[in-house]
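Here we start with a single chain on its own, the form predicted alone, put down as structure tokens.
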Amino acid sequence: MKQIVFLFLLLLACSCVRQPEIVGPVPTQQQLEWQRMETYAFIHFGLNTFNGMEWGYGDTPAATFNPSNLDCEQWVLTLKACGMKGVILTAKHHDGFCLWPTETTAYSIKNSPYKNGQGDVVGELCEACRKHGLKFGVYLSPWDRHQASYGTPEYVELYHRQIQELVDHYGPFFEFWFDGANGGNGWYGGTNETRSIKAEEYYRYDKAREIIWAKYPHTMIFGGTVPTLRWIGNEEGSANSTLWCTYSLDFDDLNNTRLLATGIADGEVWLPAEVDVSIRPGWFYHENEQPKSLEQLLDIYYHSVGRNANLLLNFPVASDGRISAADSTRAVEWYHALQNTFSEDLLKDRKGRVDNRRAPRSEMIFSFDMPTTVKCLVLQENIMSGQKVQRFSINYYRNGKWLPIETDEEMTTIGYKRIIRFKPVEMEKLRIRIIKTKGEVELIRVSAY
């Protein structure tokens, strides 16, 4: 979205102009910058790619990893072509195989045929991101189904050393991913057993964050006990129509899928949501799978970014080491469709009339020079003073009558960004009413398409 027009400030009934009061938690600067990214990519690539698996058991030989034409620059150029602002790489998935030449385990790329053991996928992707201006992040699974020491204090020390290696040799990171899958059956050095841990205590996430932030203090953190963003609670690509950025740091709440989907209206911290979903059915590449349709990807965008969440879209790299033509073609098609939709703001340079005499209920009316067809609205709050809107309505004026916009979307929260889609409507005027709010509301964007 190229044009953000600051349209209006709802004030108290007085002539002095001042900033609205801050209500509740607000984002840090790093959280605000992260929310402005809106869309970025996931890359799942590793031993699973070569063994037809989603969750490797940890017993597949490192020699299985053998891409014939790996090209991290192709990944980055593909992702840039479909509008992605960054990429997060699975540096280690649950099988424990490391995509960089770690000193912590022999179960890594240095014992694979790739570049005769001299390869470093983490480093190659990091360098490609620097070259082409994409932000870089890593996924490092806390659960490790390969390590014999998993479940003991020795493994936690090993895991922290892996974090330290990534921090020392790569970065900066815009996001560091701690996955939520923790403990269960695995190879565990040949024991082939089930091991349970208490995730909120075992991994010492506070120490892990300390390692990351010592060098890269602006890194956003997903998962664990010290997150600065939260999971949406599903992998279907959909946030709830009502979505609060405010939440809780209670570990039970961080694992409550119902709460994660909506947020907590009176939450104690600012913890914005991330929607993670794959462009294919699986997270890793499977030749018999196909990318989602254009319509599915568009729905995912409107149900993530359009509902006040960021979108983390996964690209499963194929066994040759490249993003497939089918996936890249579909993703670019999706991006161009979104660009076409949001290319011309029908409200650009058009000032609305504000009526705030019934504060906190307020409304804004835009008049068109001639009947104009609209099918989509974009609204944004100034979240630096808090997320406040609890309910709003949209009406259009045609042939002497105000009529409601018909949509399946609940017109409740707005937050950083809310996109309302509806069947094309020809209108002479547009009216937006803030019906219920926690305080003075500052909408920094109202756009129509």
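Quick note: we count residues from 1 along the sequence shown, nothing fancier. The structure displayed is predicted, hence computed values, not measured ones.
What follows is about the form predicted together with a small molecule, which we do not show.
*Asks:* Which is the contacting stretch out of 415 to 423, 399 to 407, 376 to 384, 42 to 50, given heavy atoms within 4.5 Å of the small molecule in the predicted bound form?
*Replies:* Result of the contact check: 42 to 50.
*Asks:* Which one, E235, D71, E200, D320, lies within 4.5 Å of the small molecule in the predicted bound form by heavy atoms?
*Replies:* Going through each option in turn, the one that passes is E235.
*Asks:* In the predicted bound form, which of the listed residues (A81, A181, A326, A337) lies with a heavy atom within 4.5 Å of the small molecule?
*Replies:* That would be A181.
*Asks:* Can you check whether W55 is within 4.5 Å of the small molecule in the predicted bound form, heavy atom basis?
*Replies:* Although the small molecule is absent here, W55 would touch it in the predicted bound form, with heavy atoms inside 4.5 Å.
*Asks:* Y247 versus the small molecule, in the predicted bound form: is there a non-hydrogen atom within 4.5 Å?
*Replies:* Close contact is absent here: in the predicted bound form, Y247 is far from the small molecule, nothing within 4.5 Å, heavy atoms only.
*Asks:* Applying a 4.5 Å heavy atom distance criterion, does D276 contact the small molecule in the predicted bound form?
*Replies:* The answer is yes: D276 has a heavy atom within 4.5 Å of the small molecule.
*Asks:* Please tell me whether any heavy atom belonging to W177 falls inside 4.5 Å of a heavy atom of the small molecule, as the geometry stands in the predicted bound form.
*Replies:* Heavy-atom contact with the small molecule at 4.5 Å: present for W177.
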